[in-house]
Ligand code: AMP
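Quick heads-up: it's one chain on its own, the form predicted alone, in structure tokens.
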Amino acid sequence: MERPLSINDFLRRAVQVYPDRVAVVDEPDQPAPPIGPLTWAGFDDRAKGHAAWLDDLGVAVGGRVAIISQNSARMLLSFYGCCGSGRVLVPINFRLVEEEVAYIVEHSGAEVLLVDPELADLAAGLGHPRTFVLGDDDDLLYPTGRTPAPWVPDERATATINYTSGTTARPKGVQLTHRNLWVNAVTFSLHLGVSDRDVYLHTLPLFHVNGWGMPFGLTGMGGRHVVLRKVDGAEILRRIEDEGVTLLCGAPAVITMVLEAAATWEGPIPGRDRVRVVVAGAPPPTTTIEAVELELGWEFIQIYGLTETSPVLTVNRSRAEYDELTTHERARLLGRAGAPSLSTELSVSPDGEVLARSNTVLSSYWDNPAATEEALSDGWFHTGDGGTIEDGYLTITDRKKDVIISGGENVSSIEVEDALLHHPHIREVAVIGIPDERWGELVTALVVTDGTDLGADEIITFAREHLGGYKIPRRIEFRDELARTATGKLQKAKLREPFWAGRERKVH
């Protein structure tokens, strides 16, 4: 017997086994009134109501619903109300500027746009005819006591389209199926040992590859979701203390914020010997990994993956063989990307690119067959990262794609270059990532002007008009010329070399 895998499996089990248990504790400090706390039965009722509302709007199965929001219980509900009824959710990075959001909404063909109250002005500029502000009318968007039209699950149906910065100036829409999301959530949860005793703090933005799958895996086990709207080190420690948090995920920059807050925290650090923290986006320095264990008393776990892989490809968690090692030796081993997750096969091509086969690899890029064919050529997914595999563990050594990872976010250097070249006094520009202890990699622009006396502040101000905040160069250097090949192509490796000299890996 076979039955299709869908994200509904997770909520169905939570409702059946834990109907009266608190499911979601919403962010208390937000523009809209918090929802809940919601029990699993109450959460399911609201999700069904959301699906019924989409029925009323005439959004058919396969129709796209875009959402741009900070973390919130309403966004969690939309994963199940939208995807769980056969529609496709398009989670959009709330840090993007209007023209970037406009492109994604138009390219995805979104029939409905849901926006956080804080972003209402941005949404107004888009002029989408079906725009709804979250929290304005919960009885309409997330009603109770409604029964939606039935949907027969199809595991190969697209559940979400997640837009990612890549090697082009325009983001690509990654189509992730119910099967992709189901397998990712189950294998990730298995590696982390997720149980019904877990309390998960949403430090990771939900738009970021669907919160890495935790909205699904934790739900299936009946754990509790604690919503955090904005990342702040001291607030993370307070929530861990007040809510009994046991698990959180985030980029290395989040860990840095927590360590900084811990330095002035009064009393014992919350969560000692209880919290597991999962880090991805860039390998943090060994000193940071050591500090998590020594200063916080938390367990450090690292994963590696991409939006195109749902995202988990590898997991690096301390094993029994590490118990007798010193903290420094253990941290060095945990600095690797990790061993393949269950159902994932990894390889390295002759030219050093990391290749992957997994049930979590995307079905295709939305409306982009050429990019799909390139990414999935020869029966492997091409990650664009350079790496080595030793003793079964992957180490990322270089980035073959023209992508910078800063604070856990992908930044297309080509996109930033394209925006800066619209400045009338910039003749040439190369955007590279340079090592940075806080952000992992710092977006840096090497600029050749037309001779005009142009200041760095002016360039940064110009960039803010065209790019999301995390894409804006934080460092500007002026050059007389940029290294190019005989055919005129920028030599990015040569331009990066002085900043990365003496480092074993060319990524941070």
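Owing to the predicted nature of the structure, the values given are computational and were not obtained by experimental measurement. Position 1 is the first residue in the sequence shown; the rest follow in order.
The same protein also has a form predicted together with adenosine monophosphate, omitted here; what follows describes it.
In the model of the complex, every residue of the candidate spot (Ala282, Asp385 and Ile405) has a heavy atom lying within 4.5 Å of adenosine monophosphate. Contact with adenosine monophosphate in the model of the complex, judged as any non-hydrogen atom within 4.5 angstroms, is confined among 344-352, 297-305, 77-85, 363-371 to 297-305. Listed residues Leu119, Val278, Ile396, Met221 were compared with adenosine monophosphate in the model of the complex; Ile396 is the one with a heavy atom within 4.5 Å.
Here is the short version: of Ala251, Val227, Val209, Ile240, the single residue with a heavy atom within 4.5 Å of adenosine monophosphate in the model of the complex is Val209. Within this chain, Ser412 is remote from the site of adenosine monophosphate in the model of the complex, having no heavy atom within 4.5 Å. Residue contact with adenosine monophosphate in the model of the complex: Thr177 places no heavy atom within 4.5 Å of it. Proximity of Thr164 to adenosine monophosphate in the model of the complex: non-hydrogen atoms within 4.5 Å are present.
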